[in-house]
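Shown here is one chain on its own, the form predicted on its own, set out as structure tokens.
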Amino acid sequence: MAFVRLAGEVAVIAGAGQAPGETIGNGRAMAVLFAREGADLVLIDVDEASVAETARLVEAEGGKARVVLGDVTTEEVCAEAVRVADEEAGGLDVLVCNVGTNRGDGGVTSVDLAVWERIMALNTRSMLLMCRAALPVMRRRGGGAIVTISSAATRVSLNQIAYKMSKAAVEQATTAVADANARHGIRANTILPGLIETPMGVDQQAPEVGMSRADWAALRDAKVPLGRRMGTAWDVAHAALYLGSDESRFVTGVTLPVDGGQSLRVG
């Protein structure tokens, strides 16, 4: 019999929808994979149609999905998602903080301050508020796993100051959460995706840089040392599954690059 890694567990995924595109996004891939591994899911997103499609795919896998619609930079939405997990689904074992954006970002002298503030708020405030809501429940239950999504952008050359700053903050905040909560049996780890072929990374960005999707994808592929091809959202999802499951029960405070070796190259 196959080992089902999240059987009987409840997972909250913040950022479970995705932008339109030809491929699957990280949050949706995580939701589908977690459902295949037996988890009951609470899915959060601001896009009603997109998160509904993720829920449909979860249910097609035989899983159960509860949807919380709203902005995770607000305390009310984060608290409601945790309440639904705890009171309706029966607990909270895994929290995935997957919300993030880099839209409109630029260099230090070119980025619009309002854009900088929006990116910083979405990428960091969402993680803070989700952890603030989830930790008391996990402490009461005697443990849990928190998986945050940073970016290999913190390690490589990229002229996006807000994205780099915010994702570096996510990394450091994750280690702080891991350190402070180890005594409660709670683990916290972060994933650093590199160039991944998602709607956010390819379909959304191609028109912003004035390139066709095919040309932009090819340019990204060429930057990846491992096979000269971007990763997929499934690569990120499998890393999240490992960090969310008991297979990583003795792992906390780590940053795990999922980037095809891109961050190995310095100079």
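Numbering starts at 1 and follows the sequence shown. Everything numeric here is computed off the predicted structure, so don't read it as measured data.
Missing here is the form predicted together with a small molecule; even so, the following discussion is about that form.
Hey, of 174-182, 131-139, 107-115, 91-99, which bit sits against the small molecule in the model of the complex at 4.5 Å between non-hydrogen atoms? Partner-contacting stretch among the options: 91-99.
Please tell me whether any heavy atom belonging to residue 244 falls inside 4.5 Å of a heavy atom of the small molecule, as the geometry stands in the model of the complex. Residue-level check for residue 244: no, no contact with the small molecule.
Wondering, does residue 145 line up within 4.5 Å of the small molecule in the model of the complex on heavy atoms? Residue 145 lies outside the contact set for the small molecule.
May I ask you to check whether residue 162 falls inside a 4.5 Å heavy atom distance of the small molecule in the model of the complex? No - in the model of the complex, heavy atoms of residue 162 and the small molecule never come within 4.5 Å of each other.
Counting only non-hydrogen atoms and a 4.5 angstroms cut-off, does residue 150 reach the small molecule in the model of the complex? The answer is yes: residue 150 has a heavy atom within 4.5 Å of the small molecule.
The unique member of 186, 84, 195, 119 whose heavy atoms fall within 4.5 Å of the small molecule in the model of the complex: Contact with the small molecule in the model of the complex is made by 195 alone.
Please tell me which of 46, 211, 226, 218 lies within 4.5 Å of the small molecule in the model of the complex, judged by heavy atoms. Of 46, 211, 226, 218, the residue with a heavy atom within 4.5 Å of the small molecule in the model of the complex is 46.
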